[in-house]
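This document starts with one chain, in the form predicted on its own, laid out as structure tokens.
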Amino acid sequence: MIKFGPGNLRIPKFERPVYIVAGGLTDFRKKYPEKNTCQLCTEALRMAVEENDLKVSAEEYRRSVNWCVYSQFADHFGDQLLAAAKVQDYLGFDPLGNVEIKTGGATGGSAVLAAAQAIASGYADCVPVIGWERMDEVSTKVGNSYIASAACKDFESELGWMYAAYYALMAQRYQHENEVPREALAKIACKNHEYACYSPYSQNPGHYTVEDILKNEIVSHPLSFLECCVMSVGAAVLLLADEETAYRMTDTPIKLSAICGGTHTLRTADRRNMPILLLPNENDATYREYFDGRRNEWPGFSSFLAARMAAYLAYHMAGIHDPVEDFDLLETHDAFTISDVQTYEDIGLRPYGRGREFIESGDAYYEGRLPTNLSGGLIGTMHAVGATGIFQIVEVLWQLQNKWDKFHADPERWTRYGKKKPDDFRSLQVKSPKRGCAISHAGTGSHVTCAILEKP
């Protein structure tokens, strides 16, 4: 049994405030043969620097940068080691120092954490975070095997070299323990595919019914294709800075009030039983009768200690008491519908065993108590892995800056990507949002980051 010491649960703090100045994206596609990786990263950086109403020119911004962080999940896809060096040169940031981050599916979130640490410590004042993934130079089968290598190759990879197989087993166990109907998971897929319909960046939008999801072809029982994330090509960028630099560059910087990480064993079966780590909105009574049913251990095979750890630290760092009440929007790492409902519990939106209530209550929808994955998420919009955690924070940033319509509703943006703005388009700008959260998740919960953004 894991027992925490006082140092293990020390709440992180920034030595000085960290701000996000702007964000930029490409669109996301299954294949992008007309643009190489460097071009995609440049496109996302140009959006961040040139289309966010900054008070400095592109050249002034370049001259302000003093450290760079890059985010790429796997060198295998592009068959290029040290790809960050190539991108750095292309973007014009040589000879500045840089670091490339790799923590599986949480690579994007971890890259933002690394940039925030550089600024908070005083090591740097102005840091761009650039993430991408090039998943179209290999077949889908080979790509799935690359991604599956982020689980334990000694034991779990033999389940089929496909992450859907890992999460399908979790789904079966979770449904057994909590008696969750398939319809509850299908509602998550319906929501996220629908919200992707209103994003010019999305790869897999669609209007579906619960019946459509349940009748869709099965990837790995019980998960259908429409309940699984998409393999994508694309890039995302965030511009981080200290307070003085941020306000010199923009009138609408957003404070990164917390970003924290947690980890757990790569092999899921190695996860030992322990007492539930309680979040600020929970107490001992919350789980007094929880283990009287079909569940007899935690985190077991159906919860993520890494997500709970990241949320625990970030909530205490940012002063969060109840995430449903304190956040105005949320982006989760919905690689699969089952991982989404698991995350609802891990980050305290509902107690363990009751995650289905968050989607079934309507809280997760636009105009609900805590709109979730208004971006379309990984299921509807993208999972270009190295860009994913950055993309999530970009979407939260634009909401808090009240720029969602600027970057989603303009017909020119749709035309830019060879699309037509839908006739049934609807604005998903949250009314007067003050605080948002983004969860970046890797493997079968081996690494997770929790980022909290708020208006200063």
Partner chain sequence: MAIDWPSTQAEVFRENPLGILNAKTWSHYHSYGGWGRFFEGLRVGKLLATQCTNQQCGEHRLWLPPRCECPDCWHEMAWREAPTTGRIFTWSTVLYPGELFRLPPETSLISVEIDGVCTKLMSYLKDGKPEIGMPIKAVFNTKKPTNTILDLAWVPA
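Numbering follows the first chain given and starts at 1. Given the structure is predicted, the values throughout are model-derived calculations rather than measurements.
The protein also exists as the form predicted in complex with the partner chain; that form is not presented, and the subsequent description refers to it.
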Contact residue in the predicted bound form, chosen from Y287, Y366, Y247, W161 - any heavy atom within 4.5 Å of the partner chain: W161
Residue (of H207, H321, H176, K215) lying close to the partner chain in the predicted bound form, criterion heavy atoms within 4.5 Å: H176
Classify D94 as contacting or not contacting the partner chain in the predicted bound form by the rule of any non-hydrogen atom within 4.5 angstroms, answering yes or no. no
Using the partner position in the predicted bound form, report whether D423 sits within 4.5 Å of the partner chain, counting heavy atoms only. no
Even though the partner chain is not shown here, does D154 get within 4.5 Å of it in the predicted bound form, heavy atoms only? yes
Could you tell me if Y166 has a non-hydrogen atom within 4.5 Å of the partner chain in the predicted bound form? yes
Select, from the options 101-109, 136-144, 190-198, 338-346, the stretch whose residues sit within 4.5 angstroms of the partner chain in the predicted bound form by heavy atom distance. 136-144
Contacts from 13-45 to the partner chain in the predicted bound form (any heavy atom within 4.5 Å), listed N to C, are P33, E34
